[in-house]
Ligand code: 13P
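Before any questions on how it binds or moves, here is one chain, the form predicted alone, in structure tokens.
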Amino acid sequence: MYMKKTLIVANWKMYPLDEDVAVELATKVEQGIKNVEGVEVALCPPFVYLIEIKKHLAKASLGAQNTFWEQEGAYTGEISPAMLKKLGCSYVILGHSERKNFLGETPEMINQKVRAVLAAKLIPVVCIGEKKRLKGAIRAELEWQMKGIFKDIPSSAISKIVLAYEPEWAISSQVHAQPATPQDCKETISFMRDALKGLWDETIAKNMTILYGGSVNSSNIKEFLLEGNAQGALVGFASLEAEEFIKLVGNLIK
């Protein structure tokens, strides 16, 4: 089951240090993908670069790496979905494993963020995934996360949510990272759709857009989509090199 367009979300994390370098990266990507059809690309730079990078995008969409769950208020240091909307963002990454591990984000917190993002008419890219490659425990862990993150969210809003399967053990920045296979991806996405059917219904389960994120690059992206049944990817470090990222996007249409 595939969406009309493959979605590729570039998570720049806390890189680069210099705005000029960030703008150069965005400009190169924009130029490199301008003739690509059938692929939606969203660039998610650090907050401080959003305004400037937006000026250089026409083909690619703009996204943020996080947000708070209130639209305004006395929340020092936070950024609201309403602010991101005014800056021209279309997507917001929520619940990334790095935020869970370093900042203690819980499914309940992510649930509040999903609600706020939907209220601002932005598209949440919600990350779920397991820490260890333990076959017997993966399903219980992912189902627990989904139940908490999607609690009390109406079925009418679910079609606006993008899920990203992010097995933490496969992320290249992890010390003992192991490469995931398209079969790992396929099996887990199949289970995720079964779990979604239990939370809502079969129609929602079939139509939910599910990305794969875990050391994706230009060499393996096509396998994760064609064999792994992902409908796109959340791309980390490979999105920080313009040539590699352009090649990754281009390989989807070859």
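Keep in mind the model is a prediction, meaning the values are calculated, not measured. The first residue of the shown sequence is 1; numbering continues from there.
Below, we turn to the form predicted together with the named molecule, even though it does not appear here.
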Out of 68-76, 109-117, 92-100, 150-158, where are the residues with a heavy atom within 4.5 Å of the named molecule in the model of the complex? 92-100
If we test each of S61, S218, S215, T27 for a heavy atom within 4.5 Å of the named molecule in the model of the complex, the one that passes is S215
Under a 4.5 Å heavy atom criterion, is I123 part of the interface with the named molecule in the model of the complex? no
The named molecule contact in the model of the complex: A170, any heavy atom under 4.5 Å: yes
Partner contact for E166 in the model of the complex: the named molecule, 4.5 angstroms, heavy atom: yes
Would A230 sit within 4.5 Å of the named molecule in the model of the complex, counting heavy atoms only? no
Heavy atoms within 4.5 Å of the named molecule in the model of the complex is the criterion; list the residues of 219-254 that meet it. L234, V235, G236, F237
